[in-house]
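Quick heads-up: it's one chain on its own, the form predicted alone, in structure tokens.
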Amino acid sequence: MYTITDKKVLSPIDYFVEVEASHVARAWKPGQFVVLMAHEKGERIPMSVYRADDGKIGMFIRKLGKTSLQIFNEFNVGDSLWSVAGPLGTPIEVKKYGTVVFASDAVCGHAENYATLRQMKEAGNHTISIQSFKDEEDVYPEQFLAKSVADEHYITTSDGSVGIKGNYLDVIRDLIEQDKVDIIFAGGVLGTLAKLAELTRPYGIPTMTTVRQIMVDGTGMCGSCRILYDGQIKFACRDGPMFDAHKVDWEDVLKRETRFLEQEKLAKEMYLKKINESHGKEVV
């Protein structure tokens, strides 16, 4: 059993969960992920890791689908998840690069931002974190930002209510002009990652981005996270989830992201209807 040891709200749509999972904490490396199951007959959901310490792993989770809503609404500190499998995927190479940038604009990316820069800083790199949010309400509490592992930390919001108005792409443009970038890692919204690849391509700046977002099973059995990569077939769960962004066929990736939207929407609606009826009030 994987006991929940901490749980906190990060924003109206995101939350933090820490669970006991010593086998993962012992072996996990930046770039890898885990797969959660809330109960024995539940779905598998691939999840990025925020931190792995003292036999526990912390994760940022978005209330997006049925299982993520179920964990938020029905599981509290002291309860146990049925399964936490991992670590899975191929770790990134942690070494001395010089100036390492990590940019993120969604829940999985924010977890990877902290986790990656923490070890990159320990490896002797100058670390720059850029975290993008919609508005002030969406910005995470300070203790969950990547500020503590970054030599430079930037927050952007779409409406300018906190930090810089805009997106992490705007900050990266400025950093490139200042010749302050040796390598970029990024995670979050796939459409923004595709734009990042085009931004850095002319400069030849190494750019590693995650495509974990299109996974389903997370082990390579389902084939759902198949991508076209440098003219070859790769799997995000097995060969990634981080890839050289300049070699990814982003048009294909973005199409794959939308394949199960209707099924996900239906499962979410059915779950919310059931739990709202049982509680006698609206639950989100």
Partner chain sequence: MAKIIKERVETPERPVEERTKSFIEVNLGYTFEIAQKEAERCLQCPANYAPCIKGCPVHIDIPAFISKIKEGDIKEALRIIWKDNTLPAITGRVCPQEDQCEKVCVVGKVGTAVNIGKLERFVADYAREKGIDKELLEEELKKIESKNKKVAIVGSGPAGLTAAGELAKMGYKVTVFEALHEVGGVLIYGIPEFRLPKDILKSELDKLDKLGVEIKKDHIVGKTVTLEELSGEYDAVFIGTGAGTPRFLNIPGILLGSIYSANEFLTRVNLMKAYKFPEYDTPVNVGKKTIVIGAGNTAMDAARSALRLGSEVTVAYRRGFEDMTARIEEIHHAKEEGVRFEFFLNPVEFIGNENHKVKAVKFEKMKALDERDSRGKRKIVGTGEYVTLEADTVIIAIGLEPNKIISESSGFKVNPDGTLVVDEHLRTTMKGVLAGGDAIRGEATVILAMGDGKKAAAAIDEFLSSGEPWPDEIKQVSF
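Residue numbers count along the first chain shown, from 1. Here the structure is a predicted model, which means the values were calculated and not measured.
Keep in mind that the form predicted in complex with its partner chain is missing from the display, and what follows is about it.
Student: Pick the stretch from 200 to 208, 89 to 97, 159 to 167, 135 to 143 whose residues have a heavy atom within 4.5 Å of its partner chain in the predicted complex.
Tutor: Result of the contact check: 89 to 97.
Student: Please check if Asp252 has a heavy atom lying within 4.5 Å of any heavy atom of its partner chain in the predicted complex.
Tutor: Asp252: yes, in contact with its partner chain in the predicted complex.
Student: So in the predicted complex, is its partner chain close enough to Gly42 to count as touching (4.5 Å, heavy atoms)?
Tutor: Gly42: contacts its partner chain in the predicted complex.
Student: Wondering, does His23 line up within 4.5 Å of its partner chain in the predicted complex on heavy atoms?
Tutor: So His23 counts as contacting its partner chain.
Student: Determine whether any heavy atom of Phe235 comes within 4.5 Å of a heavy atom of its partner chain in the predicted complex, and answer yes or no.
Tutor: Contact check for Phe235: yes, within 4.5 Å of its partner chain in the predicted complex.
Student: Going by its partner chain in the predicted complex, which residues of 218 to 236 come within 4.5 Å of it through any heavy atom?
Tutor: The stretch touches the partner through Thr219, Gly220, Met221, Cys222, Gly223, Ser224, Arg226, Ile227, Leu228, Gly231, Ile233, Phe235.
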